[in-house]
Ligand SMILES: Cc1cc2nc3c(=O)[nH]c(=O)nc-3n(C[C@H](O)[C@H](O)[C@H](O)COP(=O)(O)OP(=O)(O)OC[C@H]3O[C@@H](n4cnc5c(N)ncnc54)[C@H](O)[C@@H]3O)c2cc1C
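In structure tokens, one chain follows: the form predicted alone.
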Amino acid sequence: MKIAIVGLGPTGLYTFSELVHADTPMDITIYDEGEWAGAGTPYSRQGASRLMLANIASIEIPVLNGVSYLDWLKSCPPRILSDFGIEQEDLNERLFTPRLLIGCYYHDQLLTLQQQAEQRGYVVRLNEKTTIVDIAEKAGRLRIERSDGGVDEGFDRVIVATGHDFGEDKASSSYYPNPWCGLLSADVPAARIGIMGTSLSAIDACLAVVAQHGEFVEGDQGELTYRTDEQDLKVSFMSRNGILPEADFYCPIPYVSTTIMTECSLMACTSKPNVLDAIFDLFAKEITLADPAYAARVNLTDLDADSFPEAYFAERMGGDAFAYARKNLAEVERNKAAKRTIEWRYAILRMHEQVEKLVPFFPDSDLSRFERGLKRVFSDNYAAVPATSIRRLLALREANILDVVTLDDDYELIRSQTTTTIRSGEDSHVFNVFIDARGQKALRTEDFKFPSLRKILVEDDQDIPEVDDRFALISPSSLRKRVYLAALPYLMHDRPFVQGIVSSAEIGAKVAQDIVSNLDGVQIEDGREVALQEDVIAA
């Protein structure tokens, strides 16, 4: 079996790990655009710095190659950890670490996996700093075309795991279409900086800028301040709701199963005339059971899938974003010290992945309502950020560096060669440097970077690439179970919460297991693969 993995961030790496631990040696060729395969853009030296924290605790990072992230950290020399601001005594399962350190873990595991695979009889070719420009069929197999003009042929399976894709919009000295397009290496002036978004990506973009012009200093009592001599440095976060993310809250890990929202009760919703409303009924009952005081406080019995989001965000929408952030941070730190869980928040956290499974069953009207309402609630809840990130934002606010701007729904963005202007209502905001940190958008077939594969899918009337539950292309039949689409941006339509390391591990396991399970059922004949099981059915 000859396999190509195109893109080796976390998804490609977890896939590779599963394949390496199969019983049958394979021929695996890996292609990655970066110089540090395994890490993926957000965890690479090009996309992350020591200041940028991941919003996933050590215990939540899926084990790779039998080595947990925490065990790997404990094996690191103290001087390495110290470089990242971590001491050996700080290590614990709830520790939030710099994304760059997670990238080190992934790259290290890749090199170990490659060595183990070769010792077990695998052929592994690792091609870093390699861009793939096309994937095509040839004589019943698949071929890979590289940007250097080279061509690799004869692949039985191709796994597309290309990760983040922000299109062809190019960065300039005054405009960055995403935080990972050279911002870290750029010389950003101390000027008016506009950052679209308020998520962890926006915080990272902010840190990339302010780190060039000052430093965070921790006092004797643990208070954090930001010091700079630059009077012209001003940073504005912008969003339609004008709020900041909450600090990550304490809760049991692994998650405790929900009581009312079960797989059986959720599937029963699909037979109801109003799927979303039936799901919200379970959602409300689960919250009421978990935290009756909260349910009473927001009058949950009077709310529905459309009105609950307003109640959820109410306290944060009306006032000062930084005042709420300061209050929320104090609450989170008290609860972590006491190991106390805010039960209604924990209930929402445990329900988002369950609800995601029913998104494909939503009629268009329900999908639109979900995206305007409950999806925003779930996204805000699970995207809580490390407490240290909030402390840094508050330090920047105290230094008169940072503010938050609330935009109208119909705001206008106007770019020139040297500035970006945001017009919202009667207000205009002009920025010398603008960074779009709104995150990854769901992509369609027309966005596919591989023209031959794109042409086949377009001719098959696939506006969005269609994959099965193992992420193999469903059609056309010539590509079925031969091309696997594990690139997260193309999976977000039916899986709105698919982003993140945990999703990468789950997708990688399913892809690899599907390939391995079909090894015994495939024969090669005259350059064409024939699935024995399908032959039996056809006969």
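In this text the structure is predicted, and so the values were computed from the model without any measurement. Quick note: we count residues from 1 along the sequence shown, nothing fancier.
The same protein has a further form, the form predicted in complex with the named molecule, not shown here; the description that follows concerns it.
- Although the partner is absent from this view, G373 stays clear of the named molecule in the model of the complex, with no non-hydrogen atom inside 4.5 angstroms.
- Put simply, T11 is close to the named molecule in the model of the complex: some heavy atom of it is within 4.5 Å.
- Interface membership of L200, defined by any non-hydrogen atom within 4.5 Å of the named molecule in the model of the complex, is confirmed.
- Proximity of F471 to the named molecule in the model of the complex: non-hydrogen atoms within 4.5 Å are absent; the residue sits far from the partner.
- Exactly one listed residue, out of L488, L64, V511, V483, brings a non-hydrogen atom to within 4.5 Å of the named molecule in the model of the complex: L488.
- For the options T341, T288, T130, S265, the residue carrying a heavy atom within 4.5 angstroms of the named molecule in the model of the complex is T130.
- Shown here without the named molecule, the chain has only F450 in 450 to 470 lying with a heavy atom within 4.5 Å of that partner in the model of the complex.
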